[in-house]
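There is one chain below, alone, in structure tokens, taken in the form predicted alone.
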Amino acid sequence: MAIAVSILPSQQLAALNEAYRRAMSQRRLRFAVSAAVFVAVLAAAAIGAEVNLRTLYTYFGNFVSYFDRIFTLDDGHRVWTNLPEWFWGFKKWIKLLGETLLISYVGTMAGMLVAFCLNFLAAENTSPGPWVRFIVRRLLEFARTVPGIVFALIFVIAFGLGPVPGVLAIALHSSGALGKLFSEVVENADMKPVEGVRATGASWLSCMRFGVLPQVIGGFSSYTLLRFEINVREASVMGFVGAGGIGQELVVAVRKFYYSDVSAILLMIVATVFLIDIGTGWLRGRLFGAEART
């Protein structure tokens, strides 16, 4: 089939080309100005934060040599040439790592329960009133804004050394983080089922139970699994302030310059996080289908 292509007059083509060049020129100018602003803000932030590239360049060798030392045994050989010597404290470390997992699990579950109870009051479409929503949202912001290790330090001073301060710190921080995520999931829920339940004369609690919860329970579970993975990493460093777990042993190894112990403990923590990531991904897939794995 023959196709006819119309050719515009040369004057009209010239006008179109001029308009195209003008539009591209303005687009390049906007990009250049945006890039210049980005670089200026980045430079101002680096200067304000006292980021000194000369210091990084001068001491970068120390950074490299530290990794060389943590992968070297006391006899001068590489750590992987003598695994029994490298993991000489495996039984003790695996117990402390188990304690870290338990701290993370109990703290995550406690935080999830608090977040579950408060998120319906914080969501705009389910909150009973604006003042209730305002107060609950501020409480959740406070809980998630303060870093977990700061909470752990406060609880160590209050309750002493051990896993309890770690559990309380993770529970408090998780309640704020999960409360925010849960409320956003609820705000995206379809309110037509709620209107149907409310039309039967049901209470606010029944509307949440039968109208909202069936829609959002999958999102709640997914975010809780993700939070557990994050909390395992946080619990690993809470031992630095005496809140139990493998962090206590790691900070001792760092302070006493037990280089090979540092690499062994870090490797166990990283392997644990990998396994949890794989396990939670598999569990999400089993609970919510293959799409949840991506």
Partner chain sequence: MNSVETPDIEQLRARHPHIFDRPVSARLATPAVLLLALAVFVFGVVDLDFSPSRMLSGLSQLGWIARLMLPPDPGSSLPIYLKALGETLSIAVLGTTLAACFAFPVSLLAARNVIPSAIFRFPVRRLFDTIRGVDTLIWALVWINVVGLGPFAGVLAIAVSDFGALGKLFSEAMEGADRKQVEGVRAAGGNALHEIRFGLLPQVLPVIAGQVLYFIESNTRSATIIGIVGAGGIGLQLAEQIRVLEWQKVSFLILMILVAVAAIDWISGKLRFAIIGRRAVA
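Between two forms, the rigid core is defined as the largest C-alpha subset superposing within 1.5 Å. Residue numbers count along the first chain shown, from 1. No experiment lies behind these values; they were computed from the predicted model shown.
There is another form of the same protein, the form predicted in complex with its partner chain; it is not shown, and what comes next is about it.
When contacts are defined as a non-hydrogen atom within 4.5 Å, all of Leu42, Ala158 and Leu161 contact its partner chain in the predicted bound form. Remark: of stretches 102-110, 76-84, 122-130, 195-203, the one touching its partner chain in the predicted bound form is 102-110 (heavy atom within 4.5 Å). Using a 4.5 angstroms limit between non-hydrogen atoms, Gln26 is distant from its partner chain in the predicted bound form. Among heavy atoms of Ala264, none comes within 4.5 Å of its partner chain in the predicted bound form. Taking the partner from the other structure, its partner chain in the predicted bound form has no heavy atom within 4.5 Å of any heavy atom of Tyr258. In the predicted bound form, its partner chain stays beyond 4.5 Å of every heavy atom belonging to Leu118. In sequence order, Phe142, Thr145, Val146, Pro147, Ile149, Val150, Leu153, Ile154 are the residues of 118-154 having a heavy atom within 4.5 Å of its partner chain in the predicted bound form; the partner itself is omitted from this view. Relative to the superposed core, Phe257 shifts its CA atom by less than 2 Å between this form and the one not shown.
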